[in-house]
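For reference, the chain that follows is the form predicted alone, supplied as structure tokens.
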Amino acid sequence: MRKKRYFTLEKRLSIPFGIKLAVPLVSIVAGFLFSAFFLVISGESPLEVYSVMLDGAFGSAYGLSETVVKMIPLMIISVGVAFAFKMQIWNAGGEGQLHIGAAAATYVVLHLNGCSRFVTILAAFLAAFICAGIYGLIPAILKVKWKVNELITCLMLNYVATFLIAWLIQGPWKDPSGFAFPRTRKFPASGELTTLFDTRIHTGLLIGLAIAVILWFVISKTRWGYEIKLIGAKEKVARYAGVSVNRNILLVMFISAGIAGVAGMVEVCGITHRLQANFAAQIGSSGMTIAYLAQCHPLGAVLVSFLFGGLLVGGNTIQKLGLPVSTVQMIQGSILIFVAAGAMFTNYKIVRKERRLGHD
């Protein structure tokens, strides 16, 4: 009797911690190696490019502080997106929600003249969270009521928010003394986040870390967090157990979008101190990548955001080699491709099997 040997994928009943840690690391290294191939084709030395990036991002106190500055909005938006991903709700609208949060915060700051910094910042925070959360409810309601794919509606709403901001800063909110630059008036001092350590690092860092810790606690230590994970893993089982899936979709999407809006608030209040064109370049689009890399773990997203912040700062540094900043986007894309492929080996294992073919 002949036997045919073959390999197949088999879903892991449990994922060892070593696998969870090793696969993303190997995927990131593979992404850099893959990017090196294109750098060689373009006539550049990968070792020189990566060395310049590393030195620019982590080789000095200034570079390290700028890496943290870039990390702050990335951390907040990725933590928010990861929260929705835990329930298999694909919030791809972080970029639009970030813009809505920034616009809401800008309106509050510019209309609260005379208030203390604490009151102004708190009001801007709440406005950004609530307005972005409501904006995020649009795809959630469409999903609950008519089963519309939230991935598509979120992506479409990104364009709506982006063009809304463009209209505001070129129209009703445009700074009359800003010449031809599309931007609002500069924020008063009461609307600016406090800086730390004599750098551009601001208290948005503390806000982001607090949000990450709170969401980690909710997901890992509370009954509601268990319900969220259950819905993400087995929605039918959750419904059978009496969990309100639709209510959780609405609530989780509201919170996820609201947190993305806070990322916009900390960027305008902490860095630009006004609403202006391209204030969130390379932030919104990176949120999903970071959340995926961190395997939807809030604290993991903090670490990955720091690494991505270094990637962005290093990307600006390599311009002195004559390379465009888009080189960094190519590296990010390469990493994402290999991380997506690596996720298969996290959730599945390769098993060798045999099949009987009958008598010769």
Partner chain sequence: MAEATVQMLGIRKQFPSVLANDNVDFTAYAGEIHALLGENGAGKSTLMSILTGVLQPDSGEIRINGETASIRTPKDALQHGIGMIYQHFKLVKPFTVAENIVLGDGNVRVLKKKKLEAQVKALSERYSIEINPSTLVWQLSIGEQQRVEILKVLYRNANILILDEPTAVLTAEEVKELFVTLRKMTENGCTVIFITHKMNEVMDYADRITVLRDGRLVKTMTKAETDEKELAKLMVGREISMGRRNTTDTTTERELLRVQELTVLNDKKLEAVRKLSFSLYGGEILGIAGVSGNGQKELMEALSGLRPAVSGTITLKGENITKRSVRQRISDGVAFIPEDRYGFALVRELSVADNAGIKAYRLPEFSRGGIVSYKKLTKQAEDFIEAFEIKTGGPKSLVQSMSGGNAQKLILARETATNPDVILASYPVRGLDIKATESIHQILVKEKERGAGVLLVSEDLDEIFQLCDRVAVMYEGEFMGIVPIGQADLETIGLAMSGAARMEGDPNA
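Positions refer to the first chain, counted from 1. Source: prediction; values computed, not measured.
What follows is about the form predicted in complex with its partner chain, which we do not show.
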Inset, instruction - May I ask you to state whether residue 186 is within 4.5 Å of its partner chain in the predicted bound form, using heavy atom distances? - result: no
Inset, instruction - Report yes if any heavy atom of residue 240 sits within 4.5 Å of a heavy atom of its partner chain in the predicted bound form; otherwise report no. - result: yes
Inset, instruction - Could you confirm whether residue 217 comes within 4.5 Å of its partner chain in the predicted bound form, counting heavy atoms only? - result: yes
Inset, instruction - Although its partner chain is absent from this view, report whether residue 230 comes within 4.5 Å of it in the predicted bound form, heavy atoms only. - result: yes
Legend entry - Proximity to its partner chain in the predicted bound form (heavy atom, within 4.5 Å), stretch among 85 to 93, 242 to 250, 126 to 134, 170 to 178: 242 to 250
Legend entry - Answer option from 199, 203, 222, 149, heavy atom within 4.5 Å of its partner chain in the predicted bound form: 222
